[in-house]
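Only one chain is included here, represented as C-alpha cells and corresponding to the form predicted alone.
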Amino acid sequence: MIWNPRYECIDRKELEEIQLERLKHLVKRLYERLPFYKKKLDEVGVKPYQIKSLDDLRLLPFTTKDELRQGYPYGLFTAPLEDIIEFHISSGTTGKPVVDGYTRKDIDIWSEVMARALASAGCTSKDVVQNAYGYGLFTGGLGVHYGAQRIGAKTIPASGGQTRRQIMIMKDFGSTILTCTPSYALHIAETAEEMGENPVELPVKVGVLGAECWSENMRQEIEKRLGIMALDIYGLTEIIGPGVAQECEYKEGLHIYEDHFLPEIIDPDTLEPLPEGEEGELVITTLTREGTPLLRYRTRDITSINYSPCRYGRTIARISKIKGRTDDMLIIRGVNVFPSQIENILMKVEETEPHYQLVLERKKGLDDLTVEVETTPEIFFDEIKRLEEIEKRIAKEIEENLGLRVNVKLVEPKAIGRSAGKAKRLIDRRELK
C-alpha cells in the first residue's frame, strides 16, 4: 500500500526542485537562528545565498553526534522553547545524551513518515498494531504510535517486556502487525514455544523490526519461527526517530522519504560523496524539521543507495539494509569485521539458536575474539567431542568467509541474556585487563 503517492511516486526532477528549495530555506534558517551552524558555515566560507543547486550540498559542513552532545540540552534548537511540545533523548551510553525537540509541525511530519512506513508494510485501518517498542524518551514507541494512529489502525501500546502477556494480548486482540526489535521478535517466538503455543499460529502476519542491525539470515529465522513477513525499518533519534526509511513487501531496500530527509553516501575516511550503488556512510540532512534540524548529519551507518524505481512503483531512493556502523566495526589483528557479518554465518548453523555474543579480550598484547553462541537443547547435552566439532566448524566458516580467526564457545540454551530492546552483542573486556 502507498500512503502518499504524491511524494512516494514523485518524478525525480520535481523532487529535486522541492529538495533544493527546502535546502535553501534550511541553510538560511540555521545561519540566522543558530550560532553553532553560523560558526560552522563561516568556517567553511559558505553563505546561504551561495546554495544554488543540490550539488552545493557538498560545500556544507558535516554534523557529528559529539557536536550534538555538546549542545545539551537546548543548545541546538532553532525553534523557541515555547514552540517545543515534546522531547526525546538518544539511548547512547557514553557522555551526554542527544536531545531532540519537536514542534507541532515536527510531530505532524513524524506521523506522516511513519504512516508511509507502516503502509509500506501493508498496514491499513483494519489492522491491529501491537507496538512493542519502548515508550518514553526512546523514540521507537511513540513514533510507531503516531504513524499507526495517522493510518487509523487499532494501536496497542504494549511497550517492551512482559513477553507472556504480550503473547496473550496477541491472541486475544488478534494483533496483525508486530513492531519491535528483531531480537525481541525471536524472544517472543521462544517464549511462545515455552508456553506450549505454536508461534506460527499467532495472528501476527507482519513484523516491522528495527533499532538494531540484523542480517538476512536472522530475517529468515524470524519468518520461519513466527510465520510472518519480517520487514526492516530505519530511523534514529537525531533525525526524527523511526520512519526515516522502510522496506516494502519486495524487500529490495528501504525507501527513504527524500522530501524530508536528503540522503548522501560518503567515504567515511575521505568524506567525499560516493556514486550510486557504492557502499559507504549514510549522511542525512533534515529538510523540514523545525525543532532540531541538522545539516549533513553523519549517521555512522554503512549502506548504499539506489535511485531506480521499485517494483511497487515508488520512485524515491532506496538504501540497502544497514550492514553495520563505522563505530561498531571491529578491527581485529588487521581484519575489519562487523558483528552482523558474524551473525550471518551463525544463522546458517542448524545446531545453534539465534542468540550470540562477541567477547573481545586482549591476550599477550593481541586482541582476541570469542564468539559465544547458544546451542539447541538437544546438542548441548551431546558428547563433548560433538560440541567441539561444531565449534571448530563454525570457527572455520568464519575464517574462510571473513579471514578472521576466532574462538567459538557453545553455551547452554538461555545462557545469553534477553532484552525487549536492543540486544547487547559485543562485550569488550580489553579495558578491564
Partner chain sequence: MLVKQISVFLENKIGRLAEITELLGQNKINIRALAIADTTEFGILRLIVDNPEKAQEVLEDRGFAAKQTDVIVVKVADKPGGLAGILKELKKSDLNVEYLYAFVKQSGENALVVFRIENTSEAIKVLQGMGVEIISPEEIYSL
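The structure displayed is predicted, hence computed values, not measured ones. Positions refer to the first chain, counted from 1.
As for the form predicted in complex with the partner chain, it is not shown, yet the points below apply to it.
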item: F380, I384 and E412 each touching the partner chain in the predicted complex (heavy atom, 4.5 Å); value: yes
item: 4.5 angstroms heavy atom contact with the partner chain in the predicted complex for E388; value: yes
item: Contact flag, T375 vs the partner chain in the predicted complex, heavy atom cut 4.5 Å; value: yes
item: Partner-facing stretch of 28-36, 403-411, 57-65, 41-49, counted where any non-hydrogen atom is within 4.5 angstroms of the partner chain in the predicted complex; value: 403-411
item: CA-CA separation of T376 and V208, closer or farther in the predicted complex than in the form shown [shift of 3 angstroms or more]; value: farther
